[in-house]
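A lone chain, given as structure tokens: the form predicted on its own.
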Amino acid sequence: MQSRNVKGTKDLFGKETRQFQFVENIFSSIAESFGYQEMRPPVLEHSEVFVRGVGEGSDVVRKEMYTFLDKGERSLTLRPEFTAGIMRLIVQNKLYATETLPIKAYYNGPVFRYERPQLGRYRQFNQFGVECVGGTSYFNDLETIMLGYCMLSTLGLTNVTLKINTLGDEASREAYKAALKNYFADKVEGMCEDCKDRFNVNPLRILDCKVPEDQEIVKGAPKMSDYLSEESKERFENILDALTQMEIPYEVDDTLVRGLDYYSETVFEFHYTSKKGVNYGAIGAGGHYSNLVKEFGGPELEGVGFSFGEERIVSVLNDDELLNELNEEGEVEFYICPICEEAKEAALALSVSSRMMGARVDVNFEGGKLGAMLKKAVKKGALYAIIIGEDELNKNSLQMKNLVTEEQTELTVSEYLDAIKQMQEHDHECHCHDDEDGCEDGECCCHHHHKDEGDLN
């Protein structure tokens, strides 16, 4: 019997792996520029971590968790999201007492939810997200939204729609829940089974219903804005004013409540429709929470965070053709071809020196005719083939063949390594633009050294 991957999971290899690495590297770099450091909670947690953290009223806990008993009859769960695990980590390790507040953490890895596979959504998928724990100012909410918006903008995504709402403080939410129960009391019997459950557990969840007929009923429901305390109203207005000043476009969505029970005050989603017209809905989302740390036995610390579904991000980038250059990049830059047995040891030594200078190098140790080796080099997307034979060994030299122009040049090993050094300096990222930031030939304002385009030699 041929083995196949589990439904709702996806193998990643080749250029797809590079695409995920590209997104993760950009997200990590930007998060660190905002003062965040990586945390890595385990994939497996005691089930109560998610029941307490995510909330029994959420669809994640009620229907989507992968939960099982281990050999010790303990209930364990594959993480369906990161936030609860991060809170458990902070409390268990008493980071609230040993670290400077707010604690700023970012994370990246697989999560597991038993749901219907659909566009950009799998039962095992990857999340990148952040948590800022221990700050009370609305500026923490604001900066977190800015961080997410910055990440998407840096990837080249334009026309991102930020949808935002407030769930208010605890008093505001309790007053609003009472109003919702009163509104839906004589309507819920005609709604879906999920809404009937939500009515008793958490009526806020009804606002998130995706059934078209129920959505029509939801349109007439009371609005959260009518039940906000003065403090929550002022907090939300301050955030909206600041978003306007920073020219971050947004839409206030009164029905936005998010699918997890721990949120309070600000909640938000980043929505996107690709240039191909594919509506991906929310490609990232998050919000503020007030009681999560306390729920896990820690002090009363507020927090805010968000996460991106990496599969959706990568899919959007491909739709908008923003990964074309990355997709065209070869597996290696240099493919070394020793054309005699004696040259293999020299080829190995040369590959080590090249890699230590930052080059991506592969070596053909299998032998064969040079033509066959060059075909392999082209298939791997190499820019240059490095050819070493008896003559080259005797002269401590090599032949470097440009696989695009087919120009071939003889270089000493020292000249070759100098050429690699020049290539790495040239490829080093520069954030300046000659016409905008006063960069001229040579050293520029960001201390990168600009070189002319061209061959290594």
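In this text, residue numbers run from 1 along the sequence as written. If you're wondering where the values come from, they're calculated on a predicted model, not measured in any experiment.
The same protein also exists as the form predicted in complex with a small molecule; that form is not shown, yet it is the one meant from here on.
In the predicted bound form, the small molecule lies farther than 4.5 Å from every heavy atom of residue 169. Interface membership of residue 283, defined by any non-hydrogen atom within 4.5 Å of the small molecule in the predicted bound form, is confirmed. A residue is said to contact a partner when one of its heavy atoms sits within 4.5 Å of a partner heavy atom; residue 83 meets this definition for the small molecule in the predicted bound form. Under a 4.5 angstroms non-hydrogen atom cutoff, the small molecule in the predicted bound form has residue 289 among its neighbouring residues. Partner contact region in the predicted bound form: 262-270, out of 218-226, 181-189, 262-270, 69-77, criterion any non-hydrogen atom within 4.5 Å of the small molecule.
Distance criterion of 4.5 Å from any heavy atom to the small molecule in the predicted bound form singles out 127 from the list 127, 232, 140, 274. Between the options 236, 149, 296, 122, the residue in contact with the small molecule in the predicted bound form by a heavy atom within 4.5 angstroms is 122.
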